[in-house]
Every structure is written in structure tokens, then in C-alpha cells.
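Shown next as C-alpha cells: one chain only, the form predicted alone.
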Amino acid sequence: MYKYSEKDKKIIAGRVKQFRNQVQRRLNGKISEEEFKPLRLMNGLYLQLHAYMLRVAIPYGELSSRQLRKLAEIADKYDRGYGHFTTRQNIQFNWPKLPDVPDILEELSKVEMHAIQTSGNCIRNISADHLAGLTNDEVEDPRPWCEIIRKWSTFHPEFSFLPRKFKIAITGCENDRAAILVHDIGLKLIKKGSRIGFQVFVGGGQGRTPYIAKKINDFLLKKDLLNYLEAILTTYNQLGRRDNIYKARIKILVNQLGVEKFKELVDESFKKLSDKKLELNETTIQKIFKFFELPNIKHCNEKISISSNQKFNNWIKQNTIPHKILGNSIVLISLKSENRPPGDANSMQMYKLANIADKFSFGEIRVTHEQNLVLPHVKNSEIYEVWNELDKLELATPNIDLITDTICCPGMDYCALATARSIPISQQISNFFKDYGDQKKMGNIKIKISGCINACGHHHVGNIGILGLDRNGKEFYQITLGGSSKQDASIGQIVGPSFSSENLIIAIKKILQTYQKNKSSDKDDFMTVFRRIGIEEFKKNLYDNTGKTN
């Protein structure tokens, strides 16, 4: 894990002091809310439906036990005893009081955390594969590259006021667990001969106009990474629209210019930059990589013992992955159950998880972009003990990648932009499909739910996507099918007229009936069937001839 230098600490302390003064001016009425808005957004503070919300950065999803304890402490002291882990590997506090926010930021700075770049029209928190550095299918650990980009982008004088927010994700393997193709820039580490470099994808995103990113460089040398990113961002900053918020993202620019023209402009800019000081040398790269070396994990032949406890056995099958060091496992902690909103963890759970991480996983925890947590290094001989501890905390739901492992945004329960609630829909799904045996028979299915067209719940890339709509003051839900955020990324197709909240579960059941009916073998997952039979087969069972639900 990266550790702050003395320079880093001074920068963060200075930023806290600066924001404390800005908050005081707002409280004294010396600046209006409109004048305060750009200042608070630069410090991760939003004004939502009922209160301010503070979004805290968790760069590339990596947390120490010390940091998790601090987040739990903040939840208790300044909020309502919980935090919400997001799809950008961040955490949000939904109820801080404005006078307390500078104190929260000061508390965070003590454990090398902040809220910079979690909002505003800047380069947001860099995200990565939550299994980075842990599996054998990886070309190289992407986390050091995330840190290199974070250092370059934080406070970049030209990129603090981009036409629109900007998101970068990196994966180190063919199996894309970082959703790079629905990011403004997606980077994929690949090997060519003996050399490792990057494939570069640009122009992905969701929201009102979803696009899959397009490849503009098949092999970028490591040394050129920052210069090439600088060229992309400069091109976007100069040509991106600022007159229309809905057409300001880089995905619109790439689509309007065409990928070939955009690539040509980036290459021209890159040639001008390629000899400048942003070129990375091997010494700099290795210095950052040293922060991300694995802890002293013992190699052994110990296997996970099968238990007479079926709950434990189910959890092992669903929530653990073999570590690349034999005798160890990666434990996935589901934050999805019928009892709470997806991604929420209360302060007691966070405190206890920090203790579990210290005892069993070298004090490390990770956050996934699917709103779950990870214990990255657990001995197989200690797996049962870990499960037992998690079960006591109601954190042992065996549903990773199953239908109840939903993603959803806060929706109209919190967000001023939302047009419908999303949390109750997720809870309906969790309650209705909670039987593990039934979920397992259905196989891997990703349901993603957004409370408005801004798509914070990533509904466009859900195998089953659900978008909340307002129809004359009533909540309705539009369904899309066939979305994916993996290496075979695709945007979901709208099935037809929307459904009331009362009829939504019935509609999902009908979709699943069509899926089950058309499986050619038990190995077929939802996307395999959908891509084979197409959307029309699903529509037949879902609507009658009038377009209404059957």
C-alpha cells in the first residue's frame, strides 16, 4: 500500500485548512451556496436531497485496517453510524453537518485519506481490478500505475476544470474486473514478446448516452503513459463542449469526431509532448512498485476443509477465490442482503472487519466496484474461522455474482437528481430470490439498478438493467437486457414499456423463465443465452400483443 511522503502530508493538511476557511465563510454568509458549490465539490462535498454528502476517496479500492477503523469512527461521531461503499471504490457519508466537514477531513488526513477528486469536473478517483496482484491470470499489478496516474492528475493545473467529470480505470488481465470499457479512459496491461505495455481505450461511459470505449492505441510503452494521457486530456480539454452539460463528456467528442480523427489529434499532441519530463524512467516506476509488494505470505499445501455446515460450504463455493500463493484464498465479503441497502456497512461491522483484517489478512481490505469488500490474503487453514466471524456480523451472504448481488445507486431516498427509488427495488430482489439453491441454479446474473438516467447504478451494463422513471408522479421501471461491463462489454437493450414497482418482480421472473427455458446446458449463463436467442424471445413471454405485461 502506498504511504504518504512528508510532502503529501503537508499538501493534504494545507487543503484541510483552506477548506475550513471556505466553510466558515459560507456559514457566516460571506459567500452564497452558489459561490460555495465549486469549492465544496473540489473537496468531495455534495448537497443531496436531505443533507450534505461527503464522498471519501479510496484510491484503487485499497484500505488498511487503520483507515477502516477511522471510517467507522467518523460514521459514529459525525454521521448516522454507517457508510456507503460506491461503484468507484469510494465511501460516502450521507448525513454530515457542514460545520463538521473540515473536522472530518482533518481526521481523514491523520490516516492518509482525503476527499479530493471525488467530485467536480476533474479526473476522479482512479479505479482498478479489486484482485490486483492476487491472481495468476495477471500480466502485471495495475495498482502502481493507478498511483502514478493519481500523483500526476491530482491538482493538475489544466485538468482541474475539464468540460465534465473524467474517469480512468486499469486492469492487468484479460478477464476485465475493472469495467475499463465503460470509462472515459480504460487501460489494459498486455504483454508483447518480453515487453509489457498498455492498450488504451477512450470514450466509454454511461448516463444519458451510453457508449463502449474504442481502442486508440494497441501497445503504449510504459515510459510514455503520462505523456499519452496528457495528450488525450489536452485534446478533450480543448475540443470538449462546455455549452451543454449533456454533451460535454469525452464519449460525445469521440463519437462526433470519429475514433480515427480523435486518435490522429491525440497522436499529434503526443508527438509534441513525448520528449518532455513526463516520460517515466525505470527508477521512478520501481520506486512506486515497491509499495505494492505482497506481504510475507507462506506457501503451503493446505486446502480448505469441507465442513458439515452447509452454509459454510455454500459460502466457500461462492465467496472465495484461490490466491496465487498456494495454501491461501481471497475472501469476497458481500455487502448485499435483504436487511440493508447494497454497499452499506455499519460502524460496528467496519470496526470488526478491521480486526478480522489484522488477524487474518495482514491488515488489508479492498473495495470492489460492485460495492463489496475483499480480504485479499487469508490462509486456507483459517478460512472457517474467518467465515464464522463474518457470519456473526451478517457479512457471510453466499451470493457473489448471483442474482441478489445487485448494484444500485442511492436513488430517491437520498439523491436530488433521482426520479425513482432504487434501494427498495434491490431489497425486493434480495428478499424474493434469497434461496441459495435457486440462485445457484440460475448461475451468474448481474442486476444493476439506477434511480435516474445518470446511471450511477450502471444499469446500462447490467445483464438485467433497471432504470427508475417518474410517470406523472408515480415510480415506474424500464428494463434493459444484455448489458455487460466485462471484456465483452455491451450496452443493454430496452425490452419495451416500463413496469410499476408492484409488477417489476413478476417481470424479472418472466425474464428468468425465458432464460431457463432456453439454456442448452447447465454451463450456460444469462449472457450466453441472451446472445444466442436475442431480445425478441424475452419480449414474447414478457408482453401480450398490446404491449402490456402478460
Partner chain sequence: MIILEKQTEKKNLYQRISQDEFSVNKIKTSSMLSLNQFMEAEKRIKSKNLKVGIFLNSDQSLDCLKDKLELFSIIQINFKSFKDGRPFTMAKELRKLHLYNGEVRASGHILPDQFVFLLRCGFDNVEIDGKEKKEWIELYNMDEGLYYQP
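Numbering follows the first chain given and starts at 1. Take the two forms, superpose them, and find the largest set of C-alpha atoms that agree within 1.5 Å; that set is the rigid core. From a predicted model like this one, the values you see are computed outputs, not experimental measurements.
This next part talks about the form predicted in complex with the partner chain, which is not shown.
Using a 4.5 Å cutoff between non-hydrogen atoms, Glu230 counts as a contact of the partner chain in the predicted bound form. In the predicted bound form, at least one heavy atom of Arg150 sits within 4.5 Å of a heavy atom of the partner chain. In the predicted bound form, the partner chain lies farther than 4.5 Å from every heavy atom of Thr135. Residue contact with the partner chain in the predicted bound form: Glu34 places a heavy atom within 4.5 Å of it. Not one of Val202, Asn355 and Lys359 places a heavy atom within 4.5 Å of the partner chain in the predicted bound form. Between 158 to 166, 438 to 446, 299 to 307, 126 to 134, the stretch whose residues reach within 4.5 angstroms of the partner chain in the predicted bound form through a non-hydrogen atom is 158 to 166.
Just one of Asn237, Gln478, Ser109, Asn380 comes within 4.5 Å of the partner chain in the predicted bound form, counting any heavy atom, and that one is Asn237. Screening Lys311, Lys317, Lys392, Lys272 for any heavy atom within 4.5 Å of the partner chain in the predicted bound form leaves a single hit, Lys272. Residues Lys7, Asp8, Lys10, Ile11, Gly14, Lys17, Gln18, Asn21, Gln22, Arg25, Lys30 of 1 to 32 are found to place at least one heavy atom within 4.5 Å of the partner chain in the predicted bound form.
In this overlay on the rigid core, Lys30 has a C-alpha that sits 2 Å or more away from its partner position between the shown form and the other one.
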